[in-house]
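What follows is one chain in structure tokens, specifically the form predicted on its own.
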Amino acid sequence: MKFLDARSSEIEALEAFGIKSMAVEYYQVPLAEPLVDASHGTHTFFELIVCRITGENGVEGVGYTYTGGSGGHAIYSVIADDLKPRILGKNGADIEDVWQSMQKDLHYVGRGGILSFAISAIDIALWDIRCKSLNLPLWQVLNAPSNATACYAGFIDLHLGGDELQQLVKKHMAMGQTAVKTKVGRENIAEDVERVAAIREVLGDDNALMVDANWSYTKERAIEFSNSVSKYNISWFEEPVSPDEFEDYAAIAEATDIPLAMGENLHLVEEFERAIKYSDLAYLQPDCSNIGGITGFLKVAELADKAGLKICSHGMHELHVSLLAALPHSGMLEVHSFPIDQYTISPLKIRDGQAFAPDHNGVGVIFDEAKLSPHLKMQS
């Protein structure tokens, strides 16, 4: 991969090792308060599926994926029952080969969707072993010039009114954020416009503001809303319509002047290829948890680079911070409302609109077992 060029000889020099064992854990982690968006409804907890792989070289790698509260048990089962027996004994140093074999073996029953979540957890664990074997953090393996990247607060806030939104913005600005993204998608477009205006009032004119409809609008409503909030200097309009309607994105882009973004619901690299070709996007937003892990994310990053698009992220900020720090065409890291990093030993550090990747060897995500273990539901 292009972004590994400077480390390719070191990676190739790593000794082959068989994948010796794998353990899988399933957690349900409660949220401090309910979070609401237009398409997924109310979130009260998130699911975390952790994959621990040990190689014959004695190095353990930890990978994971997450959901907004449903489907986690199925992902757990795919890893434990279908993928584990297929990858045990494979050469864990050849991550690309393992990645391709998982895609191929279950292609017929799981193309994209749950299979992509499951592959992601295994892929991240293998990258953790790779980075640990090189005695480097992920951001250095990817040749990042520094461990910092621009970031924003991604709110799941559709249930909040104007005053509450303004207090939320003030809270996050006090924590070091300078940019925010709010949810839209209420039945009355005027209410969405009012919410955007309320946030811009306290955010100021110079800080970035994004909006996310979670594919709740029709094409016509998206165009109406976009033109209504254009005066508020919106940096991007995320998922205005279904991510399956690639051509509708292009139509919205032609009829409005706010850049478009999407990607969290695209679970195959090939889907990103079609989005680039047909949707007239300005930003791609892959998520390591559902695009096939770090390998999938980097494949999408290369597509974005060739197309001249910015690469951003969705969720999983405790891992994505290392990736975006390394990519010259990165946009902004989403600091998500699901606080996975609060269950690690190194919660994300933010200062003056910048997020900083940890220096731990590996992918940088080390779970705090004392905090996480009370939420364990299943393991194998």
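Start at 1 with the first residue shown and count on from there. Because the structure is a prediction, the values reported are computed rather than measured.
Unshown form predicted in complex with a further copy of the same chain; subsequent notes refer to it.
A residue is said to contact a partner when one of its heavy atoms sits within 4.5 Å of a partner heavy atom; S120 fails this definition for a further copy of the same chain in the predicted bound form, lying far away. In the predicted bound form, a further copy of the same chain lies farther than 4.5 Å from every heavy atom of R130. a further copy of the same chain is not drawn, but in the predicted bound form it has a heavy atom within 4.5 Å of L266. Although the partner is absent here, A38 lies within 4.5 Å of a further copy of the same chain in the predicted bound form, judged by heavy atoms. Within 4.5 Å of a further copy of the same chain in the predicted bound form, a heavy atom is found for all three of I114, P243 and E247.
The stretch from 341 to 349, 321 to 329, 65 to 73, 50 to 58 that comes within 4.5 Å of a further copy of the same chain in the predicted bound form, counting heavy atoms only, is 65 to 73. Contact annotation: of the candidates H107, H159, K171, K231, the single residue with a non-hydrogen atom within 4.5 angstroms of a further copy of the same chain in the predicted bound form is H107. The partner is absent here, but in the predicted bound form a heavy atom of S77, alone among Q140, N207, S77, T256, sits within 4.5 Å of a further copy of the same chain.
Counting a residue when any of its non-hydrogen atoms is within 4.5 Å of a further copy of the same chain in the predicted bound form, the hits in 78 to 98 run V78, D81, D82, R86.
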